[in-house]
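Given as structure tokens, the chain that follows is alone and in the form predicted on its own.
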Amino acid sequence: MPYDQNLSMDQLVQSDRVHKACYADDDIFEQELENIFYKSWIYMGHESQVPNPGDYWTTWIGKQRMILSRGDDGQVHVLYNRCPHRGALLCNAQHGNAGKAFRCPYHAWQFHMDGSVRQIPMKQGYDGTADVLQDAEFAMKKAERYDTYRGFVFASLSEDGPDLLTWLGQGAKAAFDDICNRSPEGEVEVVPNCFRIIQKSNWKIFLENQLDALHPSITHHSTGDAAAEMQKVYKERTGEDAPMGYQMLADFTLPFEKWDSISTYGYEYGHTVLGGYMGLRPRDPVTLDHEAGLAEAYGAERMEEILSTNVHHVLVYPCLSVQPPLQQLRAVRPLAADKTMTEIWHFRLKGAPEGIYERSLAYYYHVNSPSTMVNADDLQNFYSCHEGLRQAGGGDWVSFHRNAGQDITEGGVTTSVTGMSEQPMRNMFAAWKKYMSGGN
């Protein structure tokens, strides 16, 4: 969809609305890759995905193919998935163990797991031309920067910009602190599979939906109503409360007033937090056992602080949607202006009762599996929005007017006046405009 190239960033992104070209224009998408995805910090995976020397996972930063690997020294590395000889992909499988070295399937060049050259066939042919074993030009290229926070690995393809901890800041760190603190050992480990979904829509539509408190009781009401009805049937037949999975879906029937009573918080770099609303502390044996384990590890007061943390959902802009109490995250991989891949991962809390994991697994399946109507409802909305935005007619603007100018900003943090304020969308687009204008 072409648009007036003379429009400035200030004209495209205004305080309470944005131009539809920000979603649907191919040139703007390419600019997003260069100015946002290749310059900010992007999630690569969790250290537990590569537990052993030689392990690797392949992933993406924008259109760049990347490798997350673990070396013989135990260190985790992020490398470009490209042989420096003739450019072939070194790893064509999604994940595996390369043994002692990556081996190019084209000409058998070998590389250590940190990317340095290990061996080259017939290397005498380079005598007098190049030092292929020592010259960095012939090693696999490492990501310009990579770092971890509590086991979560990020990389940036820019040598400039804030370090990872600065970029995460108070808002985004809350996602990883909350999920890890819920473990008596202070760590999580990935469940090594995920749901991968291709969405026929722009990546920003997905992120905006995650903290849109107005849509759940509208879009997902049929699922919520069915779950609430089955709770009653279960109680009548067994005399007991239905498993928590039913309540996770029944929560989609919450009235507007309940959603409007929560708060969202906007932080620098576009990170945004939704305050907690789900009751995940029933007085069942699993929860009591979990509480006892945390109290033994940290003390009763700290246990209460951890389980009372007012965080339900965190957007780590532009690459992650994290739900710490439910032990899951969704990684955003933009493929085109109208195509986005999301990867949905979930985690175990080390040292926590198995029932706590089963609870998170129930949510993972009930909301995100191919058979659930919840995700299907969202995907239809995403597609519908993008199709509307692609059209030449029908208007040029996307509205973010709800409570515009009313949210409270103190100390660089914006707090929504109501749960249904479109503060999260405005916060993300304020960061988008800074990135696209050349800011860090």
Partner chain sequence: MAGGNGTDTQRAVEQFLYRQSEILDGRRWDDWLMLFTEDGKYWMPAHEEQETGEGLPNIFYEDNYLMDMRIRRIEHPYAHSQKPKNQMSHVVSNVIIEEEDDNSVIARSKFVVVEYRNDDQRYFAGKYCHHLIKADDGFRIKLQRVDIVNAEGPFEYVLQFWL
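Numbering follows the first chain given and starts at 1. Because the structure is predicted, anything quoted here is derived from the model rather than measured.
The protein also exists as the form predicted together with the partner chain; that form is not presented, and the subsequent description refers to it.
4.5 Å heavy atom contact, I28 and the partner chain in the predicted complex: No, I28 sits far enough from the partner chain in the predicted complex that none of its heavy atoms falls within 4.5 Å.
Distance check, W397 to the partner chain in the predicted complex, heavy atom within 4.5 Å: No.
The partner chain contact at L249 in the predicted complex, heavy atom, 4.5 Å: Output for L249 is yes: heavy atoms within 4.5 Å of the partner chain.
Proximity of L307 to the partner chain in the predicted complex, heavy atoms at 4.5 Å: No.
Site check L157, T166 and L329: each within 4.5 Å of the partner chain in the predicted complex by heavy atom: Answer is no for this spot.
Contact segment among 83-91, 287-295, 365-373, 67-75, judged by heavy atoms lying within 4.5 Å of the partner chain in the predicted complex: This holds for exactly one stretch, 365-373.
Proximity to the partner chain in the predicted complex, single hit among A101, A300, V233, L214 (heavy atom within 4.5 Å): In short, V233.
Sole residue of M341, L133, A336, A108 within 4.5 Å of the partner chain in the predicted complex, by heavy atom: Looking at M341, L133, A336, A108 one by one, just M341 meets the 4.5 Å heavy-atom criterion.
The partner chain in the predicted complex - contacting residues of 163-202, heavy atom within 4.5 Å: Those in contact are V191, P192, N193, F195, R196, I197, I198, K200.
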